[in-house]
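One chain is shown next in structure tokens, namely the form predicted on its own.
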Amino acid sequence: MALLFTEKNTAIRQTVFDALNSTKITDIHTHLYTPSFGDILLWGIDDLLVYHYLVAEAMRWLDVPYDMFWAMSKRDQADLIWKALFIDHSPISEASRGVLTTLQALGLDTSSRDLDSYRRFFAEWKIEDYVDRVFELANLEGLVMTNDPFDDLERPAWLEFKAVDPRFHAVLRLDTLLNDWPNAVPKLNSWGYTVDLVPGRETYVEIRRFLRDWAGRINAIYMAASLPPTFAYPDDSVRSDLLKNCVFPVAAETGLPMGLMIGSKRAVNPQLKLAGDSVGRGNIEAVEHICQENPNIKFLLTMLGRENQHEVCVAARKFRNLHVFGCWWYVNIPSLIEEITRMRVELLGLGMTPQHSDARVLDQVIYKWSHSRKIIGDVLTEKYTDLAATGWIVSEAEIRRDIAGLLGGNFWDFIKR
């Protein structure tokens, strides 16, 4: 007989967390790569320590010139960051704590503070076996990559048809195409796609061919682009032109959803390289225009600014072709994950995907999902308890159904319907 709940918070909490801890997750946005792609899949303690969040954090303590830091080996960079953030100061930031959560989950003694012993641990693993271990610890069923044909390190792997682990799903990333058209043009022409700096009919045909070719080559499950806070649609930019005449027609033709990730300000401090990007408030009206103009295309949306999160929820209430997902980048910290998840549940119910890891280092999925599961569980416990107080009886099976949707099922249902 199904377990029934009244106002007993402890019973609800136990069932919520049992379901969260046993349900397999689809991580719907990462920057990870299938193992056969080689060194571009980052993993291990040194990659964890030179993660761009920790680079930016450490540079606030270090007097090392930027160019000197970047000239160092990865191991030496990791040594500096370890000393600055873990030895000279307590590692209480989310990114620092995440490293320790990961090491602890892997069975390492974090109290030893012995960086060399951690390095020896990782050196003993074969990457294929380590991927299996990470998936087990994070309770992942699959994850979604970020795949940019303009990336000179990644592109050769696709051209060589290297085997892709079936748990790693591809996404066709369009950042260079949409945000850096002058540099995209010569590359496209060198690859056999005849395009002009000022797009016209022939260029549209060629870009649509390029998108179809690469979506098919990588077996993409959606297309996506990271866009600046100044992103507007419609306007007179090349970006809007390419979206309207190339990207959206291909999305409509193929059924591929389009992911919109809005709010990233690139290279605010270029000396920090990847760590130098920042955040700005985006324009939700652009999303509303896009969804209204393209009712038969499915859009995934996440926005980087905390100030945008309420608007995002309201927009998703108005357009059923819009699916809100994750706490992206700078809002992927516990205090904001809790705030945003609670807001989404209150405005959207269960019709969204509350989290993705955005992991750039394989091991990060361990801590990002460990930390997020607790926050999501606390919010759901509160909401199911509120529901029980109305006299509505919720079964264990219904809670498990709901959580399966939140941890990936809603995403798959949306992109496949």
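Worth saying up front: this structure is predicted, and the values here are computed from it rather than measured. Start at 1 with the first residue shown and count on from there.
Another form exists, predicted together with a small molecule; not displayed. Remarks below refer to it.
Between 34-42, 374-382, 59-67, 355-363, the stretch whose residues reach within 4.5 angstroms of the small molecule in the predicted complex through a non-hydrogen atom is 355-363. A heavy atom within 4.5 Å of the small molecule in the predicted complex is found for one listed residue only; from Met261, Ile340, Leu143, Leu174, this is Met261. Proximity to the small molecule in the predicted complex, defined as a heavy atom within 4.5 Å, singles out one entry of His310, Arg208, Arg266, Lys244, which is Arg266.
Within this chain, Tyr53 lines the site of the small molecule in the predicted complex, having a heavy atom no more than 4.5 Å away. Trp82 falls outside the set of residues with a heavy atom inside 4.5 Å of the small molecule in the predicted complex.
Although the partner is absent here, Phe150 sits far enough away that none of its heavy atoms falls within 4.5 Å of the small molecule in the predicted complex.
With a 4.5 Å cutoff on heavy atoms, Trp329 counts as touching the small molecule in the predicted complex.
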